[in-house]
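One chain follows as structure tokens, the form predicted on its own.
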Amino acid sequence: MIAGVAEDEEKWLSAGITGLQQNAFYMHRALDSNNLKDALKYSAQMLSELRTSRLSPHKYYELYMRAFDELRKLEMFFKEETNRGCSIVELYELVQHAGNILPRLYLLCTVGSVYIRSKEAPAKDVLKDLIEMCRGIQHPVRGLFLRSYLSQVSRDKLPDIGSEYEGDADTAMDAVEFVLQNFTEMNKLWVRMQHQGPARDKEKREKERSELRDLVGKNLHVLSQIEGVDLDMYRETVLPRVLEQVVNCKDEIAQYYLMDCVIQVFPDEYHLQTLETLLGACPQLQPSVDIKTVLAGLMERLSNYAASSAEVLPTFFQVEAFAKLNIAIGKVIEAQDDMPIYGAVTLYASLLTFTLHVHPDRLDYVDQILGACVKKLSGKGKLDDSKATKQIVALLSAPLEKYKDIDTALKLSNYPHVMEYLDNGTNKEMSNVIIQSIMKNRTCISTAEKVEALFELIKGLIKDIDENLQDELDEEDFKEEQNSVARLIQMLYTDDTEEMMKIIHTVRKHILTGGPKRLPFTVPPFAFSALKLVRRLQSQNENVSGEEVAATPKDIFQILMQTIEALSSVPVPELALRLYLQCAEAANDSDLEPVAYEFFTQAYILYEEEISDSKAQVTSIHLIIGTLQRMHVFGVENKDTLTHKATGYSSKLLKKPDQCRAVYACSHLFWLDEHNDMKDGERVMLCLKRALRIANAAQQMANATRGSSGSVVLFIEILNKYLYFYEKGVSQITIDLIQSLIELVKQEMSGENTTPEPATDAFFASTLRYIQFQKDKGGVVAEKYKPIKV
């Protein structure tokens, strides 16, 4: 059916173009022979093709443009005729003899253009006559195109100030009156299209009207270009007349388009000075008009105008732009009960952007807008409209982008209330935006009160708002979110140690509500932030000894002990063990032996009861040995207890090579250069001998199971330990022991069952080169190494 109509339309258009071209041909021939009578005859016949009612506006436009091109040529002919002495007044009367009204009016407009140009009559009189004559065509499409033609031929001949057609003192008003009349009549014709034809074709008619809207809108553009339209005339005549027509037409499409046109074509300064009039029309529009987009466009223009120059801001204050816009938005939302949440939030977001440009210092205005938004959202629950959600994110992001300081956002009492209406996913996104803003601008949150407000704001990332949804989040996204929170915790800082202690208590309170899944991400940064404070307190105590201090390292270590214990619910024993050891080292620096011992005890309990994986055990025992080696706070008894435990754990590892390496690592616990009371050569020797026995056992086991001797790399590693302690002056390590170990390695490497290993060979060769280097060095060291044969 639709295809058939389209085909018919093509045929009608083709027939119309053919008829038009044929008559245009004869018209040209008449023009060439200066035959005015025939030229008028064929031009009238040519224009009769425009009388059709069969074509859609789109197809009619094609036909009209062909006729328009021919009329331009005819106009040139009329101009030449007047130059040759033909009376323009007679010509103006002559064309009115055309038989049909539509061709007659097109010809009249064409001659009228030449008439005005000739200046034989005032432009305003000719234009008034033409505008009245055009009332004769009331068919919407034909009438619109006719008046569009009138507007086109007259736009450069208006009696404007400074124009060559300028008239008396009211000349600008004459030009405005002509354009306004044409605009009013065209709008009436355009609106009438909506009410012609059956209801089932409503969608088609709306599409056709949309295609024709620019014909009407061009009148407003012409109005904006008239030089004589100053602010006073715009305020008193132009805007009221235009708005009267917009409101009275009671047509949804026309009202939306024309309001948008008014905002776009007239200057920003005019809008600012006539804001009350313009906004007063908004509640009078049809409820179905998309007024939110119109007002958003107005506020965007005014925002850009305010941002363009600081000089215009006083005008905004003078006219009380914010108050007027705020009241207008309230009235529009109140008048349109069925306005979707998305529409209301869009208006508030636009008003907020405007406010941030014009009144950046008025936080009360910003909070007032957020409060109005909360009021509109109250009782709605979590939003499930993606458009509304997107606008709320824009609303909440605007203050962050403007002030680049979360402190400012935290002062807005309604800010968190707006966030509560976001669904859980978007709440997290917004929380992330807040954290990214803090990190990007390196904002320092320096009071416990602000930290409390901030963590309440980003609670979507700190804890599960809805436990049912916790498994839906992608693992990678979850890690990224929690890493952001971890970075945020590191940025909470103040020089005031008492306030910093309060911040630590606040952070701890919030992160412990995060559940087992979040703790591995949030506890480590919290612990290191607390340890940073411990070190600051330690340095303060050294400087101001004897004074009463509100926060002490001991208090912080108690908090840390309780917090790390919370990780047992996850469980992540390896992470907890690392944190216990970090705290033990910090307690060591603070000379708190009982505290350090307690942290080591907890680490040992974790190792014994929770860490069962062999690889994790190896890593953990080396961490324990490394930390224990750096401890100087322990007395003999505590040191012996912890060292004994460590060596015991080392010898109980699953794999012999791991046992061997852990045991020889323990040798460092008995010889510390910086502490003379921690130099026990016998126990160093004991550890190395035990390591050597384990290495031998590993070799024998490899020989028994694989039929070939295992790697000799363990012997080479032990040889390096011998050399290290020999240099340090451990008297129990003699030249003979070193020499026998070198021979053992050589023997093992040259054995029949040994598989060549380039890396091991290179390691041993490097060790021998080191011995030779020390021998060649000269001095005391060379004397020590001289007896060793390589």
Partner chain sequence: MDWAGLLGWVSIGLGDLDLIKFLFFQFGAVDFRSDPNSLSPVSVFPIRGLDWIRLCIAMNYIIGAFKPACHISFTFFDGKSRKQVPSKKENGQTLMVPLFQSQENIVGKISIEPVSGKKVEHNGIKVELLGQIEMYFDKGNFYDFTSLVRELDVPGELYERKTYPFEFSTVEMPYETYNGVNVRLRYVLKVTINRGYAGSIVEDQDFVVRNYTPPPSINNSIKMEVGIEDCLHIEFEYNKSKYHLKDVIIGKIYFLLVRIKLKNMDLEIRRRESTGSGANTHVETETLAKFELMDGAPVRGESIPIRLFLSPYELTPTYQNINNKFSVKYYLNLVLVDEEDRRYFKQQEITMFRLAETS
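Residue numbers count along the first chain shown, from 1. In this text, all values refer to a predicted model and were calculated from it rather than measured experimentally. Just so we're on the same page, rigid core means the largest C-alpha set that superposes within 1.5 Å between forms.
As for the form predicted in complex with its partner chain, it is not shown, yet the points below apply to it.
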item: 4.5 Å heavy atom contact, residue 97 and its partner chain in the model of the complex; value: yes
item: 4.5 Å heavy atom contact, residue 93 to its partner chain in the model of the complex; value: yes
item: Residue 679 within 4.5 Å of its partner chain in the model of the complex, heavy atoms; value: no
item: Interface membership of residue 54, its partner chain in the model of the complex, 4.5 Å heavy atom rule; value: no
item: The single option of 683, 104, 656, 376 touching its partner chain in the model of the complex, heavy atom within 4.5 Å; value: 104
item: Selected contact from 372, 511, 137, 339, since only one has a non-hydrogen atom within 4.5 angstroms of its partner chain in the model of the complex; value: 137
item: Listed range touching its partner chain, judged in the model of the complex by heavy atoms within 4.5 Å, from 38-46, 64-72, 725-733, 25-33; value: 38-46
item: Those residues of 173-198 which, in the model of the complex, come within 4.5 Å of its partner chain by heavy atom; value: 185, 188, 192, 196
item: Is_shifted residue 732 between this form and the one not shown (CA, 2 Å cut-off, rigid core); value: no
item: Post core alignment: residue 203 C-alpha displaced by 2 Å or more between this form and the one not shown; value: no
item: Is_shifted residue 23 between this form and the one not shown (CA, 2 Å cut-off, rigid core); value: yes
